[in-house]
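So this first bit is one chain, no partners, the form predicted on its own, shown in structure tokens.
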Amino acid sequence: MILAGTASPPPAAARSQRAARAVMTAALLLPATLFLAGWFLWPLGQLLVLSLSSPEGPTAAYRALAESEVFRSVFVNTLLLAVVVTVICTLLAYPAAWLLTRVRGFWFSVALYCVLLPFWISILVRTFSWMLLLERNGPVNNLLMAVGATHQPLRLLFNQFSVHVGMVHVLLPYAILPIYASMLKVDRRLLLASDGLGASSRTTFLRVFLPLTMPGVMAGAAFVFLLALGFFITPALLGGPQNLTAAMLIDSFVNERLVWPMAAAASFILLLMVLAVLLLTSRFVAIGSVMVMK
């Protein structure tokens, strides 16, 4: 005997419900889809057309970028800069995220505000602040000479060092937050079980805690790397002529050389680099799920 309360709906009713849910989902997605199509996909298509509009031929801009040793070195420098900044941010972010999981109450609020505060200050303001700190007669050089670390001011500005410092300062929170979110998801009973089975603290960290937090590490590293690829203000203000990046190259094409097809082609090459990183990252970790805290 089948109870009336457990009977499944007729096939026609089930199909009607699924159709209604599909229509509702489409209606909810329609505004965002139209916005993205009008303000992102359409301009992106126009940019692609522009990159193929060189008088020398549709692929002339791409060939010029690929064949020029200077342009190739700029893209390589951009990749290396992004990799170095990503490694530094990840190494600094892991202990900072671990500290956030350990402190409570007032000190947790202080630590969290220290992480979030850079989001509320303009990148331009932070970059100019580093220019004041690292200049020849700035506080950093004065402190180094006061403690006897050096007898003359060091060249801390307009080089690779200042670019790394400025970019790490801006991008570090983007690495801390995903790692912190992944650490919150770790079941502490697993760590206690490892300790109870006789594992040392080092073994527990390397074989239990670190593997469980690796999705957050990879997500944070991906965020930092993608943002570092397109950085413009910090390298432009803190770097020297040898610190030219892809974003600065695109700005030069637009504002100085007025070669719009090459600027569009360089933009698309940079976009393909970003998509390749996203595709590679998505094969190992779902970035969206990492950011969901328990």
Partner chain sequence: MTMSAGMHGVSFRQVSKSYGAVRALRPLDLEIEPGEFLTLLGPSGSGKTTLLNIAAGFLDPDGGQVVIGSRDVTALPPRARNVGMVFQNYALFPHLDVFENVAYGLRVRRVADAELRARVDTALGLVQLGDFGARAINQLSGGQQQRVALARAMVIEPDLLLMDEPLGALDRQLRKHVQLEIRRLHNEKPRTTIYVTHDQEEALVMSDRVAIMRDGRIEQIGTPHELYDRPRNAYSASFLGESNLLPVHIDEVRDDRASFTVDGPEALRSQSQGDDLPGPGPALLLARPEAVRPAADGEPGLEAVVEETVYLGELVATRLRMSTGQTVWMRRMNAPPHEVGARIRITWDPAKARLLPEKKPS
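This one's a predicted model, so the numbers in the text were calculated from it and none came from an experiment. Residue numbers count along the first chain shown, from 1.
The same protein also exists as the form predicted in complex with its partner chain; that form is not shown, yet it is the one meant from here on.
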Original post:
Can you pick the one in L92, L133, L212, V83 that has a heavy atom within 4.5 Å of its partner chain in the predicted complex?
Top reply: L212
Subject >> Residue among R102, R155, R189, R72 with a heavy atom within 4.5 Å of its partner chain in the predicted complex >> reply: R189
Original post:
L197: heavy atom within 4.5 Å of its partner chain in the predicted complex?
Top reply: yes
Original post:
So in the predicted complex, does R207 come within 4.5 Å of its partner chain, heavy atom to heavy atom?
Top reply: yes
**OP:** Evaluate T203 for contact with its partner chain in the predicted complex, applying a 4.5 angstroms cut-off between non-hydrogen atoms, and reply yes or no.
**Re:** yes
**OP:** Classify A193 as contacting or not contacting its partner chain in the predicted complex by the rule of any non-hydrogen atom within 4.5 angstroms, answering yes or no.
**Re:** yes
